[in-house]
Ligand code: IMP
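In structure tokens, the next block holds one chain alone, the form predicted on its own.
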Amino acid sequence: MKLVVASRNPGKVTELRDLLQGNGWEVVGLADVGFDQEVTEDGYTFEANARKKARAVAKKVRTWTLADDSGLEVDALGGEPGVQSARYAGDNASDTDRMKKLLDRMIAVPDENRTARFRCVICLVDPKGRAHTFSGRCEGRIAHHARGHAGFGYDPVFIPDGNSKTFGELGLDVKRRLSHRARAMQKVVAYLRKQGKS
């Protein structure tokens, strides 16, 4: 069975392909199915954005389609940046710009109030157009300074619970085990393995 990952990130496609190896799934990306439209992520929740992307692609390809939306929620900032995580410092800002804005806004926040979490919602649309959602979260806190160079986005300022190092310092192998996306993806893979065998 074919599964289209609604992403132009080849890393996401490869990761899912590896996770589903030997379970009867052919995992492809948007480039493989000729989908070149831009889907505007204007929902107010991660779930709304994931559903919008998955449904837009599924409508064209008419097969199993997967999309995700994720971001960082900081308690001291009332849940910001949330669904605006990728656009927190403006549309053309870099990861460094976004981290700087976040750290500047939290400069006076003490350690005990720097709690935060990464959240991910994955929407899977089946060939009949039914949407299934899976979520994952990773609790932690925001460091006072960026540390480490692994990963992307806010990884150098996020310290996952049970650790003293940021994701930027811990590296990708650790992140792949602990991250919000990894936890959501475990649920997706368990579901898809059942579909592949049925």
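Residues carry their position along the shown sequence, with the first being 1. Small disclaimer: the values here were computed from a predicted structure and weren't measured.
The next section is about a form of this same protein that is not shown, the form predicted together with the named molecule.
Q: Heavy atom within 4.5 Å of the named molecule in the predicted bound form: which of 32, 26, 41, 139 fits that? Just give me the one.
A: Residue within 4.5 Å of the partner: 41.
Q: Work out which of 103, 109, 86, 77 lies within 4.5 Å of the named molecule in the predicted bound form, going by heavy atoms.
A: Contact residue from the list: 86.
Q) Among 32 to 40, 57 to 65, 154 to 162, 128 to 136, which stretch has residues with heavy atoms no more than 4.5 Å from the named molecule in the predicted bound form? A) Stretch 154 to 162 is the one.
Q.
Residue-level contact is defined here as any heavy atom of the residue lying within 4.5 Å of the named molecule in the predicted bound form; does residue 70 satisfy this criterion?
A. Flag for residue 70 set to yes.
Q) Any of the heavy atoms of residue 183 lying within 4.5 Å of the named molecule in the predicted bound form? A) Although the named molecule is absent here, residue 183 would stay clear of it in the predicted bound form, with no heavy atoms inside 4.5 Å.
Q: For the stretch 120 to 138, return the residues whose heavy atoms include at least one within 4.5 Å of the named molecule in the predicted bound form, in the order they occur.
A: Contacts from 120 to 138: none.
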